[in-house]
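Presented as structure tokens, the chain that follows is alone, the form predicted alone.
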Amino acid sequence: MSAVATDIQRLREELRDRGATVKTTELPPAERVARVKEVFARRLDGNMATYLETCLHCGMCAEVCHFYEATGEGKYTPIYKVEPLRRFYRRELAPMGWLRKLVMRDITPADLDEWQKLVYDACTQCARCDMICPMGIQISPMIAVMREAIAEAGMQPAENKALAKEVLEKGTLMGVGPEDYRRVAADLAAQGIVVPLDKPKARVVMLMSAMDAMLFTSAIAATAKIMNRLGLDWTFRTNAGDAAVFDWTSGDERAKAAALRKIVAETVDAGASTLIVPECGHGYAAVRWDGANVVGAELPFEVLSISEFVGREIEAGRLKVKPLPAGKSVTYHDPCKIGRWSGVFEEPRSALKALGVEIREMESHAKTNYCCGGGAGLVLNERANKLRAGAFHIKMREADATGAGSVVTACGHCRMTFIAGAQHANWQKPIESLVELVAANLA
């Protein structure tokens, strides 16, 4: 087993064990149901009501879900994963609800046990189902409400409980905090890589992630090399917390809000005009799409992913790279929340084209890209191992079909999933980071 794969497995086991020791008040079954309904009542808006009324039950969302495709089991149909929400709406809020209460059963504690597994173990919120629905139904936001409701009832997986508790009580993630980021910066400085930390003012603030600090310090080094080569006024803010904003997908709204407020406050304090998120799809989507909602005001800075930023700088001619030796072919995996969620497709490919590599696209790529299977926290969910492996095999087959020499991606969670999946499947395809590939070939 590779060193990184071993570290990933260790992290999963540690999180599982920590989750098992988290002391939470075990709510009575009736109280769990009541809390779920309270979240449903608060979060179910007109758009969701329209979606729940409009669904034709055509099954097209099943045909694009990697968990359904991997198993063939109907319970993994995306729209079915929000059935408790639909049932609540039909009974409590929809016209003629009083009549439906006579024939439609209420949500039960047993339902919560079943759907907890469906929304946490069998959905990466990749939004592929949103894109294919002929009625324009957005299923992934409703699954986010399902997660929030189940988290409010204290029923999320052990790993999620442990991480949310840590964010709220310690301000760290997976044990990584400001001191760890300073240690990484000191190690890189010893290698001659300048990493400016906590500058009082800077035009660009760059975030770091716990995942990179633990597994991919090479990505932090690559980012620093690029920023320094561009001669930018930039800094890492160690008190900004973790770039991944893991609780954005865990369902714990309090932990998510705490993480986002910290990031926004540090960026504003630096007077920055640009915030760059490292190779992390969750963090990019969380800050870009939820940051303003959480703080209640428009963000006074632009939010970019590092792949988006690097691609733009190369396209503008400000960042020069040297072509790689002839004959190198790659296939690019579009991280769901950077690609399908946010429309960042061309910038990473511009960087690869500038490097002179042959890009061999998978059958499903860009908007139709299959998720790696590890998004929305599944990469750290031990209980989801079997389902995640099945989904990953779809991705593996598509990558193999291209004949490309390696897979390149721009998300650390995807990278973790690929490395762990390759280890499990004894797959020998190299997995590369876009930012590292660029930094290694600066002109």
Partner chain sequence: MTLLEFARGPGMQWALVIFLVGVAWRLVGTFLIARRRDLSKPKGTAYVKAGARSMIMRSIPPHELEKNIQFQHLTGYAWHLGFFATLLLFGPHVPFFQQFLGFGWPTLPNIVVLVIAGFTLAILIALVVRRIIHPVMRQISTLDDWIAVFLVIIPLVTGFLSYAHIGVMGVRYETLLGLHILSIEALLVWFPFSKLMHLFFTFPSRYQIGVSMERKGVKA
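Numbering follows the first chain given and starts at 1. In this text, all values refer to a predicted model and were calculated from it rather than measured experimentally.
In what follows, reference is made to the form predicted in complex with the partner chain, a form of this protein that is not presented.
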{"query": "Partner contact for A292 in the predicted bound form: the partner chain, 4.5 angstroms, heavy atom", "finding": "yes"}
{"query": "Proximity of R43 to the partner chain in the predicted bound form, heavy atoms at 4.5 Å", "finding": "yes"}
{"query": "Residue contact check: Y332 to the partner chain in the predicted bound form, 4.5 Å heavy atom", "finding": "no"}
{"query": "In the predicted bound form, M96 touching the partner chain (heavy atom, 4.5 Å)", "finding": "yes"}
{"query": "Interface segment, criterion being heavy atoms within 4.5 Å of the partner chain in the predicted bound form, picked from 367 to 375, 163 to 171, 207 to 215, 149 to 157", "finding": "367 to 375"}
{"query": "Interface residue in the predicted bound form among L324, M131, A265, A186, criterion: non-hydrogen atom within 4.5 angstroms of the partner chain", "finding": "M131"}
{"query": "Residue (of G72, G231, P200, G192) lying close to the partner chain in the predicted bound form, criterion heavy atoms within 4.5 Å", "finding": "G72"}
{"query": "Heavy atom within 4.5 Å of the partner chain in the predicted bound form - qualifying residues of 278 to 315", "finding": "Y284, R288, W289, A292, N293, G296, A297, E298, E308"}
